[in-house]
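Just the one chain here, the form predicted alone, laid out as structure tokens.
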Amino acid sequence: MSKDKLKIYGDGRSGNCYKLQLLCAEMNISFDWIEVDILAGDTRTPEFLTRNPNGRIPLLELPDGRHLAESNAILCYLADGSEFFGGDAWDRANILQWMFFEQYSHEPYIATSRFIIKYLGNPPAKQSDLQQKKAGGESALQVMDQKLSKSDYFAGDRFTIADIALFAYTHVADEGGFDVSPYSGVVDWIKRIRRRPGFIPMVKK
């Protein structure tokens, strides 16, 4: 499957968008990046909504004009058949379980807290929301730490899109008010990923 001339609509500050940049760097996939400012309403224009009626990024545009939304679905599409999403049914399900964990037990706390602080400027009106998300984020980090105390990566001894999905917001968790230093397994895992030859850092703005 050719993935030449892909377009990715995204925000350079977004962890969900960074997931795709990181995978493309690992797989040497070329793409055109279209920067989108969600706070300016770029995802709510009629033109953008024809591409994704849900009005969210990242959004992948294929050369034939088809569009695919949701960061983890895009990871699965791009990595299909590769070492990053390979193996038998059990292996792939194991990868997917951690990607579902990221969406339901990790992102709603850590990523949302980061959005409040980094995007919205940490307004006083949102402080109670931040406090409510604290326990959930710390619980997610504890679960991750327990897993990483037994294996180098979430799917065992190999780096997969499960790691990319979880790395995106974990490595900037401090920007959401979370301290990862007590979780040694998570800290070592972050260092391990940053040492990979294909690693690229998130663009900070």
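Note that residue numbering begins at 1 and tracks the sequence as displayed. It should be emphasised that the depicted structure is a prediction, and the values quoted were computed from it without experimental measurement.
The same protein also exists as the form predicted in complex with a further copy of the same chain; that form is not shown, yet it is the one meant from here on.
Not displayed here, a further copy of the same chain is kept clear of residue 30 by more than 4.5 Å at the level of heavy atoms in the predicted complex. With a 4.5 Å cutoff on heavy atoms, residue 92 counts as touching a further copy of the same chain in the predicted complex. Put simply, residue 171 is far from a further copy of the same chain in the predicted complex: not one heavy atom of it is within 4.5 Å. Under a 4.5 angstroms non-hydrogen atom cutoff, a further copy of the same chain in the predicted complex lacks residue 120 among its neighbouring residues. Here the chain stands alone, but in the predicted complex its contact with a further copy of the same chain, taken as any heavy atom within 4.5 Å, falls in 60 to 68 among 31 to 39, 152 to 160, 60 to 68, 176 to 184. In the predicted complex, a further copy of the same chain lies within 4.5 angstroms of at least one heavy atom of each of the following residues of 76 to 101: 76, 77, 80, 89, 90, 92, 93, 94, 96, 97, 99, 100, 101, in sequence order.
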